[in-house]
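Before any questions on how it binds or moves, here is one chain, the form predicted on its own, in structure tokens.
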């Protein structure tokens, strides 16, 4: 059976003071798929609207990644995710799960518009279900009010957009500097750019104070840099809040 690209996103699985987070639960799911079914891509974190009318825990962000599945395995993975999220999510949380084949999305622009709206306006569960049905995406409330379906669908939409989201986690190389060419050879990022968009010189060195953190631009994992006294310096989390 042929395998095709699948988007998987979850949202709203935690509560204040809970022992784990949506990002950690998503990482567990990604590792399970990677070990048993398919290679996966890094998790992207998508910032959604911060508004007092939205019952988010702390940051109102959703998590998404992709893998390659056939129809039969898709069902197995779907059932695993629903069970895992139900078991690991916080008692008062309202988790939602969204997943689907890229090839089945009927109107990519309409889906992306939904994701961009989720960053600007308050959306309803009804509009989430309507959008998911129109785009042939699986969308499921896992427990309680299930408000997480709004963010989960937005996570898939923004990942499909390809120009939104920070890559979950911080990469620590254990060294103070590295050439751009060596970093690319390690395969940790698909591209290294300066923050204004210019491709970084492969012969230049990057001075690393703490860690490396990537973002998604043009459907690629990208490390953004800035000039730093004849070297490059990576942008850190605080510099990447727009992603």
Partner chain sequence: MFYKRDNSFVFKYGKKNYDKAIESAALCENFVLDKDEDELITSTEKNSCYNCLFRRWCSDSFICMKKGIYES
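Residue numbers count along the first chain shown, from 1. For clarity, every value in this text was computed on a predicted model and none was experimentally measured.
Beyond what is shown, the protein has a form predicted together with the partner chain; the following relates to that form.
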Problem - Which of 44-52, 176-184, 31-39, 191-199 sits within 4.5 Å of the partner chain in the predicted bound form, heavy atom basis - result: 44-52
Handout entry: 4.5 angstroms heavy atom contact with the partner chain in the predicted bound form for residue 18
Key = yes
Practice task
Mark residue 168 yes when one of its heavy atoms lies within 4.5 Å of a heavy atom of the partner chain in the predicted bound form, and no otherwise.
Solution key: yes
Handout entry: 4.5 Å heavy atom contact, residue 241 and the partner chain in the predicted bound form
Key = yes
Practice task
Please check if residue 212 has a heavy atom lying within 4.5 Å of any heavy atom of the partner chain in the predicted bound form.
Solution key: no
Completion exercise
Looking in the predicted bound form, the residues of 60-94 with a heavy atom no more than 4.5 Å from the partner chain, listed in order, are 61, 63
